[in-house]
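Quick setup: one chain, the form predicted on its own, written in structure tokens, and binding and motion questions come after.
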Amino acid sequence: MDAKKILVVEDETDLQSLYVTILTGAGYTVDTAPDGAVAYEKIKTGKYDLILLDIMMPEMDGIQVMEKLKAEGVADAKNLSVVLLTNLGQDTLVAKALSLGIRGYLVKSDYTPEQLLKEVKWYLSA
């Protein structure tokens, strides 16, 4: 069976590296994007089983990425499975993202690496 492919969209390089280490260590194939503009292009051309999408990023934030994918029909055509990475106090942005079709969200500061991996496994199996 092929490894599940995950796109990690995170502009904080230390956090992105941590996620890549955790996920590749668990056997997943991981691709990364440092900002929303790069993520948008990768999502349009790639096939991902799960996308971990940060909200606050340079170039294009996570909400703008989702809006653009939705407007162009990419989100529906690729049946995207997107989980938002957020910080505390971003409730209105999370609500907007939920209306755009994300599957859920993770508050970055609330999860240890082991808990993140458990959540990823759950989203991939659901």
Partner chain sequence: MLEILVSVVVLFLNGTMGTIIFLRNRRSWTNRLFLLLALLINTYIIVNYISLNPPGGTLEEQLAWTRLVMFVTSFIGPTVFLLVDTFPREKIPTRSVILASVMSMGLISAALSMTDMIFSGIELRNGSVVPVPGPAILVFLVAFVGLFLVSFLALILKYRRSEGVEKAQLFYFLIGVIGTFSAMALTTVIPTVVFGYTGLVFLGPNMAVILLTCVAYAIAKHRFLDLKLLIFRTISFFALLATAAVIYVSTMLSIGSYLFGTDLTSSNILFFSLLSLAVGYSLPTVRRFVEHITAPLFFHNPYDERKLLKDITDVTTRTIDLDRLVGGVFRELFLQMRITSSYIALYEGGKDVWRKGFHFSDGKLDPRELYRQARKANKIDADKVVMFHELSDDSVREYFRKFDIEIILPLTIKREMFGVIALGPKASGEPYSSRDIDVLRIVAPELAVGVKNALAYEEIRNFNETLKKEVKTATAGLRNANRSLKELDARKDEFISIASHELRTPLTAIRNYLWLTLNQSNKPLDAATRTNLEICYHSAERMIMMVNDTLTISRIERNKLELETEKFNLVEFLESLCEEMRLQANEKEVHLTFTSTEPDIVVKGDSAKLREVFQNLLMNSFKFVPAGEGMVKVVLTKEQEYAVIRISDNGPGIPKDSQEKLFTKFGKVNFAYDKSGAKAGTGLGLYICKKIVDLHSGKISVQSSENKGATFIVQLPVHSARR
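In this text the structure is predicted, and so the values were computed from the model without any measurement. Positions refer to the first chain, counted from 1.
Not pictured, yet referred to below: the form predicted together with the partner chain.
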**Prompt:** Counting only heavy atoms and a 4.5 Å cut-off, does the partner chain in the predicted bound form sit next to every one of Leu15, Asp110 and Gln115?
**Reply:** yes
**Request:** Would you point out which of 80-88, 31-39, 44-52, 58-66 contains residues with a non-hydrogen atom within 4.5 Å of the partner chain in the predicted bound form?
**Result:** 80-88
**Request:** Report whether the minimum heavy atom distance between Ile22 and the partner chain in the predicted bound form is within 4.5 Å.
**Result:** yes
